[in-house]
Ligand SMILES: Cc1ncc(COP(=O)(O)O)c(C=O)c1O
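There is one chain below, alone, in structure tokens, taken in the form predicted alone.
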């Protein structure tokens, strides 16, 4: 499919004069010639300024659990407008939504609202530090917990020579290097390494901050035994288990990843799927810890529990809890994996999938990765090249292999057919380009 981006390119040039990179978030910039601007989204498809229509598997990095412009949720949001917006006071619906969350997630004994996943995790880390009286925290290599200084440390695997441990660097300029000493990094699915860190720094570690399914790292999943071991180690060393479910919450199961693994967090965060795209997030957890909010620990926000977002969340959670939407999503994701696997297998391309069918990572190696370092051993350059062709073929995925494909309840048989048609074309085009490049080098 020939894709015309004339209008998006023109708008980019205009936007660049007033917006850094021509966009409102660094991650929306895909290059001067390939950055697109959305005209509208409906269901599982979105349309750009040039009227190119895409089957979308980004879904806003996961919020669109039901699909864009879901009429049930939007109707609830409009009713929320009638309440009046922001009062810096509470409304009755805060309790109703908290009751629904507590029903779905047993660990959510008490609930506090924020506006974004980053805000919820920031509050969770602050609360864990206050509860334990310790300042340090443990995070997994490859984990992503938002754009705030304490979480903006990463290990650049693409520059790692696979010898020794990769260097830990700040994700951005402006992050104080003096704060590096608070963060301890461990590899996923290595309980021995985690225990070793706990033993050495037991009197300093406030919490283990973990995504059991890594939302920005292919969807690499914790092994059940590892997560159970982590829970036991946190109990043994008095460390708060803070499970970040900003992406998995109300997506991989009604009770999130904690339901899948049968593990209860001390604190947990939710955001993206709970409002079907309306901005809202939650910090929840054990009553003993959560009661410190307002009793020594500050938390608040002018727009917290906004009447529109709260109304949207109430309806979204009701749908997810009381209908078969999540089963529909998982079934589609399973069929998508099977179709992609058939195409790749017919061409002898080694591959595997990680994560959950609702948020799958495609990995170009026979054995699925157990940790972030395994990503280095895969052919991620093939994925990154293929993603550009997919965009041209009307299939929208993140142009970086580390971001999973998100499925929504609006993905249907027509979406699947269009996706697999485009995927086959993209695979063949990338193979041809790779072969051509190899011959030139030879």
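From a predicted model like this one, the values you see are computed outputs, not experimental measurements. Numbering follows the first chain given and starts at 1.
This protein has a second form, the form predicted in complex with the ligand, left out of what is shown; the following refers to that one.
### Message
I have 222, 259 and 356 flagged as a candidate spot, so tell me whether each of them has a non-hydrogen atom within 4.5 Å of the ligand in the model of the complex.
### Response
Per the other structure, none of 222, 259 and 356 touch the ligand.
### Message
Please identify the residue among 362, 127, 121, 208 with any heavy atom within 4.5 Å of the ligand in the model of the complex.
### Response
When the ligand is considered in the model of the complex, the option within 4.5 Å is 121.
### Query
Which of 333, 142, 277, 117 has a heavy atom within 4.5 Å of the ligand in the model of the complex?
Result of the distance check: 117.
### Query
Among 90-98, 251-259, 69-77, 208-216, which stretch sits within 4.5 Å of the ligand in the model of the complex, heavy atoms only?
One stretch meets the cut-off, namely 208-216.
### Message
Please tell me whether any heavy atom belonging to residue 246 falls inside 4.5 Å of a heavy atom of the ligand, as the geometry stands in the model of the complex.
### Response
So residue 246 counts as contacting the ligand.
### Query
Does the ligand get within 4.5 angstroms of any non-hydrogen atom of residue 306 in the model of the complex?
Contact with the ligand, no.
### Query
If you check in the model of the complex, is residue 272 within 4.5 Å of the ligand, heavy atoms only?
Heavy-atom contact with the ligand at 4.5 Å: present for residue 272.
### Message
When the contact criterion is heavy atoms within 4.5 Å, does residue 146 count as touching the ligand in the model of the complex?
### Response
So residue 146 counts as contacting the ligand.
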